[in-house]
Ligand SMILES: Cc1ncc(COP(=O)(O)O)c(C=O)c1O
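Coming up is one lone chain in structure tokens, specifically the form predicted on its own.
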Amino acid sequence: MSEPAIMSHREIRERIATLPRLDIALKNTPLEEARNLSRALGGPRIFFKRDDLTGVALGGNKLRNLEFRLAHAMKDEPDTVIVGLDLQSNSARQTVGACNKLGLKTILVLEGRKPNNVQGNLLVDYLLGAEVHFAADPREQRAMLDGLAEEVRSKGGRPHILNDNPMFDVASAVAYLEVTLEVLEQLAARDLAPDYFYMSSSGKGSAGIMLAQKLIGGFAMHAVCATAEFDLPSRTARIANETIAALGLDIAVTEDEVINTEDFVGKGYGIPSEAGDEAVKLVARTEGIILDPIYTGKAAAGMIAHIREGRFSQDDVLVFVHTGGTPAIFTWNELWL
């Protein structure tokens, strides 16, 4: 028996509604049952939450987060958003698309060197009209962010450095608290309830699902991270508790409650793995759903491995949160030939 819910869906949504927010993403994304994948694995029922279909700039999970991040930014009435991210960042692509909808200029400072063959997310960044700069390392990136902001000011502009936005982490958790409510309601319409959630996360989005677990109960959250850079239990609990404070709740999340595995990172962040590539192909060839080899592929590899280990019964319901990242398949085109 699961613990009784602390709050209703309506009460949770009322708390979320107290935060400043813009309307950017397509929400209530589809929940699609992966019957062929389940049959191929001889495993439980699997549902994909299609957050790769959130609309702007090829979609993805960041658009939901940006509704809160950019709402906070708009308090300063900026005309330019400046953000420092990775060379092939999904977040960069979606930020530029969101800013285009808001009539804002976007300046990207991406860590890495401009490749000879521009592909994937970087290609979309250029298509969307971003001003793109490249930094050799995080220190140079930070200096460039500050320097570009000063340059914008000197020309009479109003810059906002998104990395310094206090909603940067909390926005992700709030967004995926809301996504969990969507999933629960979509499953309830089929007389089902989730037993396990799987998601690629570096501690932000999964913190929101963990928060839903605390408030509503009845399921477990399994985060599969794409990087070993962070102390994920500590980071997830911190972000969950910052979100709890932002929503005015009287609960807490502890590190020992966080289920997060680094077993599928492979050789490192941003590098495809054999297990992740196999998962991308399996999902594509059974369901026609395109994952990416950096984030969702590795998360799916974790879920698939756990199914193959016999961790679940035939009647268990697994929800895989598809956070997007589709342009990466073009960056790593040689993997699919």
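Model, not experiment: these values are computed from the prediction. Start at 1 with the first residue shown and count on from there.
This protein has a second form, the form predicted together with this ligand, left out of what is shown; the following refers to that one.
The shortest heavy atom separation between Gln186 and this ligand in the model of the complex exceeds 4.5 Å. In the model of the complex, this ligand sits within 4.5 Å of a heavy atom of Ser202. Using a 4.5 Å cutoff between non-hydrogen atoms, Tyr295 counts as a contact of this ligand in the model of the complex. The shortest heavy atom separation between Ser206 and this ligand in the model of the complex is within 4.5 Å.
Contact annotation: this ligand lies within 4.5 Å of heavy atoms from the stretch 58-66 in the model of the complex, the single such stretch among 37-45, 58-66, 282-290, 306-314.
Proximity to this ligand in the model of the complex, defined as a heavy atom within 4.5 Å, holds among Ser172, Thr95, Thr180, Thr243 only for Ser172.
Shown here without this ligand, the chain has Thr323, Gly324, Gly325 in 313-337 lying with a heavy atom within 4.5 Å of that partner in the model of the complex.
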